[in-house]
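Alright, two takes on the same chain below, each alone as structure tokens: structure 1 and structure 2.
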Structure 1
């Protein structure tokens, strides 16, 4: 450990006036009736992600009058917020545009004086050492929970302010790039989706003269199966007209030699919203692959989660195996995976609508085989691919890059925090 670093604790910082800790309002102070549809978000453990705040439709809001009545819970830029119970090892920095948001009842807010870099402290609290300390020292029999007393004992190692800022800058550079990549991916996906809808749902794909087909008076024919008009020459068919449907399987867990190999093994829990998947929670061995009913699915295979978390789509970024709770769609020759991906999404949307009644809790192969969709002629699909494939390739590259950046950041983080690695 570098001798310039001081070991202190959150309690000591508070006594010196360099930190203040505020736990969220109790139910008696902030009644559920005060939650409204307008105003600022209330930040509780559910909104706190690793390093950033994520609000959803379910995030409650409070109005200005509540903020005026309970000013101690109003957040400022640079505050660090923790969860008071549950995921207590996560924390996030309040950004400039999040100043004025409100601390929820199961949140804790840490505010530091100007000579301590809150980004640095936030990273330190995200290191595995501090995460472990928090879980070990937490109270609560069912859910880990924190209180003021526990936090007072929380150890903090501080180099001088300049050093703190330099370390924070290294780690922030990774996170900024990861965030930028995610925004690029979201933008590319939205663009591809817009194009897909315009061409294949609105039927305004470029006609012979390069003009939007339907809007320019392209011939539309009523299709009795689909009960709507589709462009002349298109067909009603299941998705099997453009892809092969395959199932998966799981090597027996009784044989450890089948597991922890080099082959990614996709299951519904791996579907996390990103289009491409390169790494999975489980891996199997070559032997495991041979001795089970799963096969190896090539890059750009569409995986559909069919049981557990249902109806999510993922494209294989590398060769992967898959368990029996999913289906795989492999594009037929001449069909682009980019088109297949969006067509499968359309299929899932159909299944969701049709399952009203029974809960949408599983997909079976019949659902896929008996749902009729409007299938275009391949020339249009090829033109779509020509535009969109490079965007998908970029999404894949960014996803893979983020995976590497995350690994590098998490590898450097503890070494930067104990002074093993320094910044010039």
Structure 2
């Protein structure tokens, strides 16, 4: 860190009244019966991402009455939240629209006085130096954990408030653009999905007169396999009518020369919710590719995670290999990857419904080969592609731009913190 800045610690800031730390409620204070599907989100380690909070359908909620009973756990804008165990080197800033959310049992909340820029401190805590310190000083032999005593010793380097704000503004500009691209991508994906549902689920694709097919009286035929009516000329078939199913493999870890090459190696842990993937956590070499059962899958191949994190879909943004915990679907000639992506999502939905009441913990090739879907003629697929492919290309471009912005921000962060780069 910059040696010209004032070095202090979180404990010292607390003793001076410039910071307060609150650990999440223990089970004796917040019982499981108080979690509900209504109210405000409960923020635990799973919701804490690098710099932001991400809630999902699985995020529990608590009611206003619980908030009133336990006000010390209600979050305010500008609070910094950590995970108390597991991913302890991540932290997130609570935004204005997240004020009032509730701190979960495995979370820790840091609240700073007005003369300390919490965004600056959040970025400092995300630097590799602080992340390393947290992991080295954590407790727990199996899973790293934090407690009040450890956090008291956490070192903090503070420039004057003006410089804190300047540094925070530079780094926030990167995150603002990344967030903007993510919101554009979400809108484009939602629009494309709406069109897919309209055409291929409700069967209101444009007829020969440009009118919605089913709603305009287009001929529907009962299909005994699907047990419903589908447009005349459509067929019941598996997804293999429009794509080839392929498997992956993993080069042996005993051969270091097979790893750390230039070929992205996709595994379920790389599926982070983005449609496109351009970079992966692991890379293999050409030799690793040749001497294993994995293959090189081309751009726009659909990957399905089949074990671990099951049922997530990703499109390969570049040529990449894949491990045996995934399946790959490569569109046949004349079939757009955009149609195949949404058809695969429809397949996954069928499998989830089919497994209702049991655990959806894996997908096997038979699930893909023998699940019947309504397959249109290629002319409808081509018209869909003509509309949607440009949106997918924009999503790909934004995803790639975000990757570059993230790399640049993460390169700049330690240099701003150690004084190699200054903001005028």
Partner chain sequence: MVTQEFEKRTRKLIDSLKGICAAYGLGNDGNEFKIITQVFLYKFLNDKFAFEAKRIDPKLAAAENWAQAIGALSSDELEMLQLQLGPDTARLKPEHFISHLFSRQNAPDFAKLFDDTLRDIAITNNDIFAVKTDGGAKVTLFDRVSEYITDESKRDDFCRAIINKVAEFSFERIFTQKYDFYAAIFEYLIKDYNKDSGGKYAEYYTPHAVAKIMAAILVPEEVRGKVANVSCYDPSAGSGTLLMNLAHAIGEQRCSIFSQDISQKSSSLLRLNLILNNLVHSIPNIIQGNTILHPYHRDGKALKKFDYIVSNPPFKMDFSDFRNQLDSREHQARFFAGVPKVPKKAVDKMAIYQLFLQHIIYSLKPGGKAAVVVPTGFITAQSGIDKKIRSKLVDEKMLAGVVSMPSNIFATTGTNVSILFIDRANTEDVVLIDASNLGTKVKEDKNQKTVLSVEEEDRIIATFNSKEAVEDFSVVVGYDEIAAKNYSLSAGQYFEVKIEYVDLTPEEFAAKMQVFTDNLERLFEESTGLEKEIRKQLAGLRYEY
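Positions refer to the first chain, counted from 1. Predicted model only: the values in this text are computed from it and were never measured. We call the rigid core whatever largest set of C-alpha positions still superposes within 1.5 Å between the two forms.
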Answer for which single form is the form predicted in complex with its partner chain: 1
CA superposition split between the two structures, residue 200 and residue 352 in same rigid part: yes
Whole-degree rotation of one rigid part against the other between the two structures: 12
Value in Å for the CA shift of residue 23 between the two structures, taken after the core is superposed: 6.1
Between the two structures, C-alpha offset at residue 417 (rigid core aligned, Å): 2.4
